[in-house]
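What follows is one chain in structure tokens, specifically the form predicted alone.
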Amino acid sequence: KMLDDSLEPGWLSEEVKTGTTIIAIEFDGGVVLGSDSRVSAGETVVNRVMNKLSLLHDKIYCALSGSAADAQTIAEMVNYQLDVHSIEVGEDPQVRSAATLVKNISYKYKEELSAHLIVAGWDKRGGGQVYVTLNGLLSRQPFAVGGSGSSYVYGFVDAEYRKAMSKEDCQQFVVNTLSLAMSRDGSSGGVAYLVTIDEKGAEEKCILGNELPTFYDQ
């Protein structure tokens, strides 16, 4: 006998989303990207430790938000296209090229896809760069935040950001922002993933939830 549909848990029919906090910031000589790790379907957490910082090329990453499937698919497509492109031109691709590919895919399939990606990395022409992409938009920013948790921390990042921050300052800025967003946003949580990219390459780091900085109400 078939099970009654009403007995199925609600998350089975919900779209899996990276209800998220993502952030990227430029420093002199590179960039720092960060994200939380919670993936949810409706009110159910379906993955506590997903790394939402996806490799596009050796020194270019993107931070994923929106539909998990859509965002991962875009990242995989761009990763493949950049590999082909770098072989054709005989050198590492530019960060702007990666961001343009993301923008083009997002715009071409804007009716079908639900994803927002922040692209950041380092290249020898432009140094550290952060790009926001949304539908047909492509804009370089000194820093960018995204995902559901970003609504809780816009005031914090606007108040705390300063020009010419060091690499260490940027890393702390990212960790503090993620910690605040994860404590307020029910769709953000888990651990914090960081990637620092400069001329030497990319360095990944994971900060456990109990190692994140705490603030007055925590």
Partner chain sequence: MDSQIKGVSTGTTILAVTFNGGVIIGSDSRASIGGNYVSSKTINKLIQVHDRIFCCIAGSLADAQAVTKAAKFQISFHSIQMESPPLVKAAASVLKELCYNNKEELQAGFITAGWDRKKGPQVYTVALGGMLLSQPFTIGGSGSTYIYGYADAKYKPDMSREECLQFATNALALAMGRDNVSGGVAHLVVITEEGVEHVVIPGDKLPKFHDE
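Positions refer to the first chain, counted from 1. Just so you know, these numbers come straight off a predicted model, no measurement behind them.
Note that the form predicted together with the partner chain isn't included here; everything after this is about it.
- Among the residues Ser183, Gln172, Asn47, Asn51, the one placing a heavy atom within 4.5 Å of the partner chain in the model of the complex is Ser183.
- With the partner omitted here, the stretch from 62-70, 164-172, 146-154, 38-46 that lies within 4.5 Å of the partner chain by heavy atoms in the model of the complex is 146-154.
- In the model of the complex, Asp58 stays away from the partner chain, with no heavy atom inside 4.5 Å.
- Contact annotation for Asp28: none of its heavy atoms lies within 4.5 Å of the partner chain in the model of the complex.
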